[in-house]
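Below sits a lone chain in structure tokens, taken as the form predicted on its own.
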């Protein structure tokens, strides 16, 4: 039995003991969890009890953005030792699947992803995880930053999908946590400037703390017009749609330059209209993002290099004993909050 933050059902959390399978396999490591970030999906499971086809039908431990310390290693593990500071990629594919063999394991239908029903998450003092999906943190990268690698990897996936060319001008629609992560990844990937659009001024103010990120407040300003004015009428070389709203999807197609690229990152709750003729008339390229694949080592390298600073995005840190309060704070969705984290204490 282990103490964990358990989602009993929609709107019902408890911090209690629960029986979790924790046998250490030959290629696994045991990790003492240090820091866990709260993701929008965690909050959605808390408030609604489901996301699309993934329904919480039994008590489930939450959390999938984590860092910690290796406390035990399996007999066949190489490259990791007890005491290593690490972060963990939460999605474990079937390594024999066609998706894995093609290198796109993120779209493996049989992937087991922490805190996605029926798979338990990591908001518990100790977890067992495959060594192949456990990554060592450089000494100067904090546990808090390590727990930010997971959402930043989504930004990295989006930037890689865009095939950014040095000097590109980009637009990000949506200044939530993922939108800001995408903007930072786009800059690190070679964009000269990234414009970011949102309806909430406080969210834009967080993003605008970074050099070369320019805020666009909707509806005071029209994002497509701003991008045309900034590019002598051409438009954005790349648009990252991160809001998942019908209006911003339209904006993405209006703002992108001819022969440019739109990367769909945000996930609409319901189907939305897409103006295919507008996309065709510009002969744009469209890419989609679902989580990430082979991005953790790259994300850690960028954070370690100092080219990407995620520390300003950590809004508040709660003790493990206050995990329910942390989730209630996340549910508030304060416009100045980006990432709420929970820190576990070990004797």
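Positions refer to the first chain, counted from 1. The structure displayed is predicted, hence computed values, not measured ones.
Not on display, but discussed next: the form predicted in complex with another copy of the chain.
K.L.:
Okay, which stretch from 318-326, 279-287, 30-38, 56-64 lines another copy of the chain in the predicted complex, with non-hydrogen atoms inside 4.5 Å?
P.N.:
Only one stretch passes the 4.5 Å heavy-atom test: 279-287.
K.L.:
Residue 297: heavy atom within 4.5 Å of another copy of the chain in the predicted complex?
P.N.:
Answer yes; at least one heavy atom of residue 297 falls within 4.5 Å of another copy of the chain in the predicted complex.
K.L.:
Any chance residue 47 has a heavy atom within 4.5 Å of another copy of the chain in the predicted complex?
P.N.:
The answer is no: residue 47 has no heavy atom within 4.5 Å of another copy of the chain.
K.L.:
Counting only non-hydrogen atoms and a 4.5 angstroms cut-off, does residue 98 reach another copy of the chain in the predicted complex?
P.N.:
So residue 98 counts as contacting another copy of the chain.
K.L.:
Is residue 74 close enough to touch another copy of the chain in the predicted complex, meaning at least one heavy atom pair within 4.5 Å?
P.N.:
Output for residue 74 is no: heavy atoms all beyond 4.5 Å of another copy of the chain.
K.L.:
Please tell me which of 86, 191, 227, 216 lies within 4.5 Å of another copy of the chain in the predicted complex, judged by heavy atoms.
P.N.:
Contact check passes for 191.
K.L.:
Since exactly one of 200, 144, 111, 160 fits, which has a heavy atom within 4.5 Å of another copy of the chain in the predicted complex?
P.N.:
Comparing distances to another copy of the chain in the predicted complex, the residue within 4.5 Å is 160.
K.L.:
Could you pull out the residues of 262-282 that have any heavy atom within 4.5 Å of another copy of the chain in the predicted complex?
P.N.:
Contacts from 262-282: 264, 265, 266, 267, 268, 271, 272, 273, 274, 275, 276, 277, 279, 280, 281, 282.
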